[in-house]
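The form predicted alone is given below as one chain in structure tokens.
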């Protein structure tokens, strides 16, 4: 039997195992390395890991908190992986999420009297539109002058930090809040709850739909093929008639819209208003998710769920065992490093 015949006869289970083994090895190696560090610091390693991995499943509240954290994680990861498919790096998801939240809050406050069937779609669309608008400048500079998108998208984050402070303290401030916070959005702009106790908003359904649509677009359409071809070989794509710069521009706009949608869901589903700092560390985690998934949009939701489990477990570990929550960042970083190293080993 030839090698090609053997490859053709490889079962789907073997192919899946071949894909999953590097991830399993990377996760085990990362936990082993951090376990040694925790032991040297005098902590109970097994209890720490049981807390990290079990908090999300031990109680309904832990599971709901994991799902709530998963929503912005998966959207921020997709905001990174879609431009990555075209060979571009969107490092401005933080600013796009902030401005998306500003747009959602602006619509939710200004049109607070509208009923839910009208106001809620407007709030979501405003978040996406404002997020895309915020990346429009870097996308145009890349399209027109070939200015590196990493620099411009990062710089736009710092502008967004000042913008949210201005909106929350000078345009729609809440005088009763002790933190830069806007007035609440209208009741019609808030996402309905799927579960009341503990509260789980329906933004998770929007995130699932967005993940499916992104996967279908990038992996099952001709436009998505052009996007992937552009990222794989821009010069060859240009020769075969693909508008490469247009693909760069479009990928960044889609990424900005996804990040803006994350901001709208946080405003509409979690806080009910715009709060400075609501973006947390979702940009960094989203990039980690996208890199661990190796840009595979089908894998992003599952990697994001694993990272959400680690994040929720880290908070519990910090409360119950006084272990620094930064330990989870070390685990996540080591997983990423080991996943990348498995590629090097496989090639050799």
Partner chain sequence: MNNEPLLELTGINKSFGPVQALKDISLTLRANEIHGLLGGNGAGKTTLMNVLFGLYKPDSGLIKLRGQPVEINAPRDAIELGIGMVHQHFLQVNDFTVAENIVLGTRLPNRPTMDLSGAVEQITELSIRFGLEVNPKAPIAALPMGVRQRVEILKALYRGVEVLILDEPTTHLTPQEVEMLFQSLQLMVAEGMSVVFITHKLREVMAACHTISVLRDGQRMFTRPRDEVTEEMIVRNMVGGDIALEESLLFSEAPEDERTYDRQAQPVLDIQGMRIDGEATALVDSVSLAVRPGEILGIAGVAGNGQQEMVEGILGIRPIAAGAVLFDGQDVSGAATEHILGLGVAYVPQDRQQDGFLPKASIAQNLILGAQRQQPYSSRRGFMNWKAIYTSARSLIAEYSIRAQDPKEPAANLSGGNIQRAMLARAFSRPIRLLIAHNPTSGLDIPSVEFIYSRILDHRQQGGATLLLSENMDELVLLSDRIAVIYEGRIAGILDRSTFDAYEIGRLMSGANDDD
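No experiment lies behind these values; they were computed from the predicted model shown. Residue numbers count along the first chain shown, from 1.
The same protein has a further form, the form predicted in complex with its partner chain, not shown here; the description that follows concerns it.
### Task
Examine residue 193 and determine whether its closest non-hydrogen atom to its partner chain in the predicted complex is within 4.5 angstroms.
Result no; residue 193 lies far from its partner chain in the predicted complex.
### Message
Although the partner isn't part of this model, could you tell me whether residue 229 comes within 4.5 Å of its partner chain in the predicted complex, counting any heavy atom of the residue?
### Response
Close contact exists here: in the predicted complex, residue 229 approaches its partner chain to within 4.5 Å, heavy atoms only.
### Query
If you check in the predicted complex, is residue 237 within 4.5 Å of its partner chain, heavy atoms only?
Residue 237: yes, in contact with its partner chain in the predicted complex.
### Message
Please determine whether residue 223 contacts its partner chain in the predicted complex, using a 4.5 Å cut-off between heavy atoms.
### Response
Residue 223: contacts its partner chain in the predicted complex.
### Query
With the partner left out here, if you bring back its partner chain in the predicted complex, are 216, 233 and 243 all within 4.5 Å of it by some heavy atom?
Looking in the predicted complex, the three residues 216, 233 and 243 all sit within 4.5 Å of its partner chain (heavy atoms).
### Task
Would you give me the residues of 116-148 that have any heavy atom within 4.5 Å of its partner chain in the predicted complex, in order from first to last?
Sequence-ordered list is empty.
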